[in-house]
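Just one chain is shown here, as structure tokens, and it is the form predicted alone.
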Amino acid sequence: MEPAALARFVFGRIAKAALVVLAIVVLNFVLIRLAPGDPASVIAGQSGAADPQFMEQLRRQFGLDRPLPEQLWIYVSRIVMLDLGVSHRQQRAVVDLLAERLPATLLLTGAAFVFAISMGILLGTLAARRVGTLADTLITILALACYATPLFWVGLMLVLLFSVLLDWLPAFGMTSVGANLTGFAVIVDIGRHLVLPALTLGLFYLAIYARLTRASMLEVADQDFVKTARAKGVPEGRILRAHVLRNALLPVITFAGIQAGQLIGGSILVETVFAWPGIGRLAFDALLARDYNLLLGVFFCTSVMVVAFNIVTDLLYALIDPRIEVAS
């Protein structure tokens, strides 16, 4: 792809992405405001002074007494300036709270995504090469089991096995409390805490990628260009890598690009089960406390990441299959 065409494509996608994010921001704001519950009542109840005068003061302080269109205009104006407001409950800037929790979520979802797509492609390739054999049957059963099992149940079972019975891995948190570790020991400690939640989150998507890779490879392997390459005497390993797998990866990458953003949503349940200090757990706490600004900030952050993942996915198409031309 020429640099000028690439620049036009990226600029066009960013412009469209900005409109999509703006529409999501407006929709999230309206839906959150229509949800039952009054944040002023929650804040007043936590402070132990739930009299009408104090609640009215809280509504004026946080702008909750203004008409909904005016609240929406103020919120969108602040979003344009990357001002996500202040958390009602924690009395801190939402940007600061997200900056503290986002690295933990990115670490968890990144590890789960790498595990799921690498193992999924590997198992799917193995199943496609051994179609109809015992290995294919076992991989298919494993994929169906991982897909059908609820995430919270998988997490709890992994905790019981590896933490309670075997005592190999820690069950909760991101670091060992009171360990006072330094240097490489900190990385090892975080890695040990990361194994179970990343495995729990990744198993579900591993099943999808394995099944999709298997089906796509079987479809590509039946194409005429693969038969021609085999008739010309091209080594089977090269046919698998350069002809079958490379073309079969396109639908896998399409699906992975879409679900990369969904991993953030799936992390809410996993972070709650494993007490992982990410934005998923932050969103759960904000929902219970009716902390609108914080909840909207989490939604905005995840929306931006989903759109960014989709743009990166489109760019990967041209790298995997040069026949695909990216239009501006």
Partner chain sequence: MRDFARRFARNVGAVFGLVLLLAVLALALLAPVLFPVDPWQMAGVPFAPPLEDGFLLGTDSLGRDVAAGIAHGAHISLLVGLVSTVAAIAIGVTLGAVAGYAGGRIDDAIMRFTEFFQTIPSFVFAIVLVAIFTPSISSIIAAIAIVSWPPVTRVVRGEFLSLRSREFVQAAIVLGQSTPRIIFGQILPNALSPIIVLGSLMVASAILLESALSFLGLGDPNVMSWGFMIGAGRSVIRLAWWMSVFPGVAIFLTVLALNLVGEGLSDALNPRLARRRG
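Numbering follows the first chain given and starts at 1. Basically, rigid core = biggest C-alpha set you can superpose within 1.5 Å across the two forms. Because the structure is a prediction, the values reported are computed rather than measured.
Not pictured, yet referred to below: the form predicted together with its partner chain.
*Asks:* With a 4.5 Å heavy atom cut-off, would you call residue 219 a contact of its partner chain in the predicted complex?
*Replies:* Yes.
*Asks:* Check whether residue 183 has any heavy atom within 4.5 Å of a heavy atom of its partner chain in the predicted complex, and answer yes or no.
*Replies:* Residue 183: no contact with its partner chain in the predicted complex.
*Asks:* Check residue 74 for me: does it contact its partner chain in the predicted complex (non-hydrogen atoms, 4.5 angstroms)?
*Replies:* Taking the distances in the predicted complex, the answer for residue 74 is no, it never comes within 4.5 Å of its partner chain.
*Asks:* Given that its partner chain is not shown alongside this chain, does residue 131 nevertheless sit within 4.5 Å of it in the predicted complex, heavy atom to heavy atom?
*Replies:* Residue 131: contacts its partner chain in the predicted complex.
*Asks:* Using heavy atoms only and a 4.5 Å cut-off, determine which of 135, 95, 258, 122 is in contact with its partner chain in the predicted complex.
*Replies:* Checking each option against its partner chain in the predicted complex, the one that comes within 4.5 Å is 258.
*Asks:* Among 171, 269 and 307, does every residue place a heavy atom within 4.5 Å of its partner chain in the predicted complex?
*Replies:* Every listed residue reaches its partner chain in the predicted complex, so yes.
*Asks:* Is residue 274 displaced by at least 2 Å at its C-alpha between this form and the one not shown when the rigid core is overlaid?
*Replies:* After core superposition, the C-alpha of residue 274 moves less than 2 Å between this form and the one not shown.
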